[in-house]
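What follows is one chain in structure tokens, specifically the form predicted alone.
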Amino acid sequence: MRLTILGGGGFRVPLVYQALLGDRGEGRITSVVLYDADRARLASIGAVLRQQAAGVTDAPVVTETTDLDEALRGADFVFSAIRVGGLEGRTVDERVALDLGVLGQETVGAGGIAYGLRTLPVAVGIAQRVAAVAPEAWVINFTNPAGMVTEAMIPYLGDRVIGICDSPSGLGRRAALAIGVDPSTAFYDYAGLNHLGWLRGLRSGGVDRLPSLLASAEGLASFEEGRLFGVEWLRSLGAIPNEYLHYYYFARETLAAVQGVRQTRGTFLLEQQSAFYAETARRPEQALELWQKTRAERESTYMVESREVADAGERDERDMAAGGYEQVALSLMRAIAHNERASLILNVRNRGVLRHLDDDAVVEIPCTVDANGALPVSVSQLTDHQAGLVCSVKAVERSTIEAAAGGSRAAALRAFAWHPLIDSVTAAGKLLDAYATQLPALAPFRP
């Protein structure tokens, strides 16, 4: 089988290839095509992958191209992990928001809206090319904002595009381990949107084990989300939120923490990865070693401001070592390609599962996956609080999609003004104007 990776020069691509190297099953991926607009980045990541494959029998063959149609032809699966505007764009997303006293995280709040506005037209263009060149391919979308991008691609690809994220599965795994449950045997009652969901139940052996976890201060203190949100708040909620909800529940404190650091996350990654690609170009024979060193530093500093606010300490090594989105992608591909029934938390059309949203709204919920694709399963309904937040953010997503599709300034303004982390229409207008001035792709939204 052939896998095409869009954004093939991206820093995290070796994680996907490493997962493929570990898959020795029949009918596995044998060919990987890396597509990227940046030849230098492609060459660097290609060098990392070839060194990963050294000594591995029948490792998937890797080819590189800057031609999209060439990359798509013959693909069985297309993994989309593009970053429109690069990390330079992300630094603008963050800094503009912070200068106006608003959180600018890349998928949450103002930064996510700006990111979506410039990404959606490109993602839609990709969906149109997939439909024309590789209509039988399955698209696995990891491009952020993942839920929003997946929903924008569905009109062209239908249910053959599925969004993935490793946050829900990571949360479920950590919660299960905290109470001594084998994560692979548990059912996770999880629902919401991408980066905006809650674990409301953890069933094992026919028993919901979440109440016993919430009752255990020691258990909650043993994993990332327990430390981030604190015992009292988790017990008050009766659920465990996705880590990204820290930006909502502790918005004031997180904003102060981010404003107090020397550089934003985007600036840190830009400097770090620029150094990696430059060094790899000089020393391609050490590409894998350089990548591993850079990755370890990247992972250890993930969401550092939120952990500082919560006094959560350093990230748990078990969390950093565990398989992330690459394992979700591999499980999804195997389930579809070989009709191997799997249960995964994915971004798919609602299909009536959550009554507060319409059937076509892309939500993040547990699904049963087989050769026919991903089918959402029944979960408990959202509480009033959860539904209110989810519906508000879904309205933001859809206004962003509308704005990106037609260049509507009014729709873009609504997207900023309606977001729960932006507290004024005036601020929304200032954000839109600043982004439109500093990001060339958003120039059509200038007043």
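We number the residues from 1 along the sequence you see. Please read all numbers here as calculations on a predicted model, not as lab measurements.
FYI, the form predicted together with ligand G6P isn't displayed, but the following is about it.
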{"item": "The single option of Asp76, Glu326, Glu106, Glu224 touching ligand G6P in the predicted complex, heavy atom within 4.5 Å", "value": "Glu106"}
{"item": "In the predicted complex, the one of Phe250, Tyr277, Tyr244, Tyr156 near ligand G6P [non-hydrogen atom within 4.5 angstroms]", "value": "Tyr244"}
{"item": "Exercise: Arg265 in contact with ligand G6P in the predicted complex, heavy atom 4.5 Å", "value": "yes"}
{"item": "Ligand G6P contact in the predicted complex: Thr254, any heavy atom under 4.5 Å", "value": "no"}
{"item": "Contact test in the predicted complex: Cys165 vs ligand G6P, heavy atoms, 4.5 Å", "value": "yes"}
{"item": "Contact label in the predicted complex: Ser331 to ligand G6P, heavy atom within 4.5 Å", "value": "no"}
{"item": "Candidate stretches 166-174, 216-224, 339-347, 199-207 - the one whose heavy atoms come within 4.5 Å of ligand G6P in the predicted complex", "value": "166-174"}
{"item": "Any residue of 12-29 that, in the predicted complex, places a heavy atom within 4.5 Å of ligand G6P", "value": "Arg12"}
